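Consider the single chain below, provided in structure tokens and representing the form predicted alone.
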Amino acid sequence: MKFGKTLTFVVLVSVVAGLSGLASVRAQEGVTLRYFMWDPEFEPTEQQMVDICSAELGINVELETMEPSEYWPRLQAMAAAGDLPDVFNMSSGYVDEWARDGLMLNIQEYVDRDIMPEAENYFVGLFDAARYPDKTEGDMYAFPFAFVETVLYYNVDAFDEAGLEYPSEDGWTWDEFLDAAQALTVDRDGDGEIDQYGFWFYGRYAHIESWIYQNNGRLLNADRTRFEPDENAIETLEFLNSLIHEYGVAPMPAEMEGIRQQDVFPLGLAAMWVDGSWNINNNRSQLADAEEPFSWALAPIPRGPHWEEDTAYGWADLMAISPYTEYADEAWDFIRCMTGPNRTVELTFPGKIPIYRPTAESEDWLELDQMPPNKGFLLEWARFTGPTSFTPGWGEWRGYVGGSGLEAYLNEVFNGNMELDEALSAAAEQANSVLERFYPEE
């Protein structure tokens, strides 16, 4: 659905008018909010947004950013001390755990009052990521500022060189993918070493789960209380492992040691790669300085043999309010300002889709003059956003925090050091020991 300039202008005026009426009162009150964000790379952009919203609301906002590896340990320590920042970034992977422990303010009343009357301006389907305890009927405990999708990146020039048709945005299969990966795996100088692999992946969540969902599989049981991969999930992991050890179209993860995982594709070491849309900016940056730059584009995740309907693995990045804040109303108004029409295209994060629809659907955001030429595919693919494996303790059992968990076990398989059934058995024992803390057996 497209929105014209008139509607966008009316919404902007109404929001600004509503916020400006509060500004003079709050300026006199001397309200100061602390806001924590997890990515220093985007600090200059976020500071601009903070300045805009501080001025409109008549409040002071102190922004602090840190690396994700530092962010969560610090936030957890602050939560334990009952001293959380007034507003903080929240991951979809932690919503259940933090809401369960009473560490985020229930914002459903605010959303009903201020957002739902203009719901057509938001990707409201992503709101479910912030609901607890039920993902469709529970109350919201955080509000999305953007969302991401996992997609397949492919080297257009490599496809041309191999005489291959590009992946169809309408869908393609594992067999079609494998044929392409074999054709794209090249030893250019005949020295017996692969110069360009067809594909690159390791045990990372964004590399793996999207394949499982496109084969109608799951890692968890039906009520999401235990790690219990079904047959379709196991089949998917077997297929991915075969890309390395049977077909030789992907490297063992150890072969790429010392290279940032997000740089393997833009360095031309692999012609295809599945990961989050947030990597668009890194691709552009790396290829801008490359000796041999190439064109690239986006495609859907290939469909497995048990595919029934497209299922995009995506999730929201969120902003939450501390349950301990003295300024809940001001914190909510700050979030509303940070996530609405004030966040123009110039102030969005590359590769992340703004939750505010008019911005996401604008020609400026689609960036038709830059790579990838089909960035708009993200909006189409987002229509199929489906399940995730997020649970309380997800970061621990999945290996998102600390590098252990399922990711480590899968890497042992992909590096040829462990059989898949052995790895899944060990992963289940570790994952379920985590999940049992939250869902003890009766």
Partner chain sequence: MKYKKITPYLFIAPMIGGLALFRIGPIIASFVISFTRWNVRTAPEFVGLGNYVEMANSDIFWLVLKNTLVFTALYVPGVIVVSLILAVILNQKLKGIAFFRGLYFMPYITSMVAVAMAWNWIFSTRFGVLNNVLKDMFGVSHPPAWLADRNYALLVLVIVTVWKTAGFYMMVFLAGLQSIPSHIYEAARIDGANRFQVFFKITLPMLSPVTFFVLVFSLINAFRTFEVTYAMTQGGPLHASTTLAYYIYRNAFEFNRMGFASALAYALMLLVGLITALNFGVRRRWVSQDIY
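Residue numbers count along the first chain shown, from 1. In this text the structure is predicted, and so the values were computed from the model without any measurement. What we label the rigid core is the largest C-alpha set whose atoms superpose within 1.5 Å from one form to the other.
This protein has a second form, the form predicted together with the partner chain, left out of what is shown; the following refers to that one.
- Note on the interface: of 372-380, 56-64, 36-44, 390-398, the segment with non-hydrogen atoms within 4.5 angstroms of the partner chain in the predicted bound form is 390-398.
- Although the partner is absent here, residue 124 sits far enough away that none of its heavy atoms falls within 4.5 Å of the partner chain in the predicted bound form.
- Though the partner is left out of this view, residue 318 does not reach within 4.5 Å of the partner chain in the predicted bound form, counting heavy atoms only.
- At the 4.5 Å threshold, heavy atoms of residue 293 stay clear of the partner chain in the predicted bound form, well away from it.
- With a 4.5 Å cutoff on heavy atoms, residue 73 counts as touching the partner chain in the predicted bound form.
- Three-residue candidate spot 158, 207 and 209; no residue lies within 4.5 angstroms of the partner chain in the predicted bound form by any non-hydrogen atom.
- Put simply, of 334, 98, 200, 154 only one has a heavy atom within 4.5 Å of the partner chain in the predicted bound form, and it is 98.
- For the candidate set 183, 194, 312, 298, a heavy atom within 4.5 Å of the partner chain in the predicted bound form is found for exactly one residue, namely 194.
- Interface residues of 248-269, taken as those with a heavy atom within 4.5 Å of the partner chain in the predicted bound form (partner not displayed): 254, 255, 256, 257, 258, 259, 269, in sequence order.
- If you fit the rigid core between this form and the one not shown, you'll see the Cα of residue 72 move by 2 angstroms or more.
- For residue 247, a C-alpha deviation below 2 angstroms is recorded between this form and the one not shown after rigid-core alignment.
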